[in-house]
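Here you get one chain, nothing else, as structure tokens; it is the form predicted on its own.
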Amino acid sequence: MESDFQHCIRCTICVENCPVFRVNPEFPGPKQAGPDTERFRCDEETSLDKWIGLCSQCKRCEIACPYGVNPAEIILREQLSYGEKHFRPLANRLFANNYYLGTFSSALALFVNKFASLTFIKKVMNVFGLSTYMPFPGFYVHSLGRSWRWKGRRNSPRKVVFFYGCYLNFNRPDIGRGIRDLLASLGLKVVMPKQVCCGLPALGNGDIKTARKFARRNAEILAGYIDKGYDVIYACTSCGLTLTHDYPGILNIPSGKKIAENTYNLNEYLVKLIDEDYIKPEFAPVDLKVAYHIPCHLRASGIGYPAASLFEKIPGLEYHVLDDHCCGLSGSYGFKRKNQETAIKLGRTAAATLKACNPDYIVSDCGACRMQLGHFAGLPALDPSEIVMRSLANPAKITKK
């Protein structure tokens, strides 16, 4: 729902919670970029300032606002308007079509992975506005989209459709298959229908037409399964926020409300099944110390930190919840050369906080966060499901690294 910017009392709490404002003096902050400037936009004095694109859409301003104003959504609408009226750089066009880029790169994974690491290719990327301070994630020929379409008991009373997103599909299908198998092992019927990008990369790169095209294709599939009694499960927090917030909101998908009401975070759903006594898993000890980084979009989803509730049930696991910092990558945001300095500063700060815990692993629900923080901290980064699966797997194999 579009917020009323006039409810803003100019208290600057959103500015104090904005990670980009903290490190980039060119960005005036969410208050000025959002509700303050909106007053002029309503008078048809459309903002032409390029700094509108410096917002990373982390949503921390919306979480902080005590009056329910959504500065990030106001800014996003202006980013989309700016994208329609101005030439969009090649980097924006590439990332807006991230799904097609991933499909192509997955088909030619061996070639793409090799050439993306070459110094010459990195220089070419820089020329076209791409950042190369961090290696691009590798691609796999056997993507998640090519996996079995269903698994588990066909006649299970609990049926879920797994919306896995682009990162698990193309870059970490091993994690996606692990999640599929975990859900199936708990007695659920799991289906993974053909799906496309959630649409968030297109939204974040000023292309609402492409975002709506992806959203409509997914919505038709997901709504059909919901009508058959399925729940929708996601693991990527950014995909989840798009499904539950943007489909019924800025993208105005007709079945968006239905999808939002029947969509759950993976860990949220596992906690729900435990609370309802549908499953009674026996968690084996996991002798590890982990620093659990909370993604900004998990905070923005308003469901709390369900993975932490699962960690609490695992004997021997020492975990530290850290939610003070944005990782700085914010999906494709940090992979643009113009945002490189901002992403690096924020990434180093967040990584330093995690390293201070002296953990064995970094854990985060977001693939982008894991890439960024693992890179700067020099530590392996895991999805929460990998910790849960270690506990529910063969206890003899659960050892400290």
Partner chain sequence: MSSPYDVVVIGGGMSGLMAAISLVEKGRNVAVISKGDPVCCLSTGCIDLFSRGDDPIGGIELLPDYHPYRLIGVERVKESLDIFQDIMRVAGLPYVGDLRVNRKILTPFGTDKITCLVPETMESADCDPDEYIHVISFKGLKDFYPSYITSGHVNSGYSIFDAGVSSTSAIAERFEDKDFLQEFISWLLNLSLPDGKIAFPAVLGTRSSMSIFNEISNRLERDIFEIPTIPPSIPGERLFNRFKNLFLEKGGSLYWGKEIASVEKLGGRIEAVTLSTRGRPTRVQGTLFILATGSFVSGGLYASMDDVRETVFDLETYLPGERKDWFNEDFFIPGHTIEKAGIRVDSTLRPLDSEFSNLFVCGSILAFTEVMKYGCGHGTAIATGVAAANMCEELL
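Positions refer to the first chain, counted from 1. None of the values given here were measured: they were computed from a predicted structure.
This next part talks about the form predicted in complex with its partner chain, which is not shown.
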Original post:
Is it true that P25, P66 and T263 each have at least one non-hydrogen atom within 4.5 Å of its partner chain in the predicted bound form?
Top reply: yes
**OP:** Please run the contact check for D287 against its partner chain in the predicted bound form: heavy atoms, 4.5 angstroms, yes or no?
**Re:** no
**OP:** Determine whether any heavy atom of N98 comes within 4.5 Å of a heavy atom of its partner chain in the predicted bound form, and answer yes or no.
**Re:** no
Original post:
With the cut-off set at 4.5 Å between non-hydrogen atoms, does E386 touch its partner chain in the predicted bound form?
Top reply: no
**OP:** Consider R93 of the chain shown here, and say whether it contacts its partner chain in the predicted bound form, taking contact as heavy atoms within 4.5 Å.
**Re:** no
**OP:** Note which of E282, D324, E220, D227 lies within 4.5 Å of its partner chain in the predicted bound form, where distance is taken over heavy atoms; exactly one does.
**Re:** D324
Subject >> Candidate from G178, G316, G187, G249 lying within 4.5 Å of its partner chain in the predicted bound form - any heavy atom >> reply: G249
**OP:** Determine which one of 298 to 306, 80 to 88, 204 to 212, 189 to 197 lies within 4.5 Å of its partner chain in the predicted bound form, judging by heavy atom distances; exactly one does.
**Re:** 298 to 306
Original post:
Out of 345 to 384, which residues reach within 4.5 Å of its partner chain in the predicted bound form, heavy atoms considered?
Top reply: T349
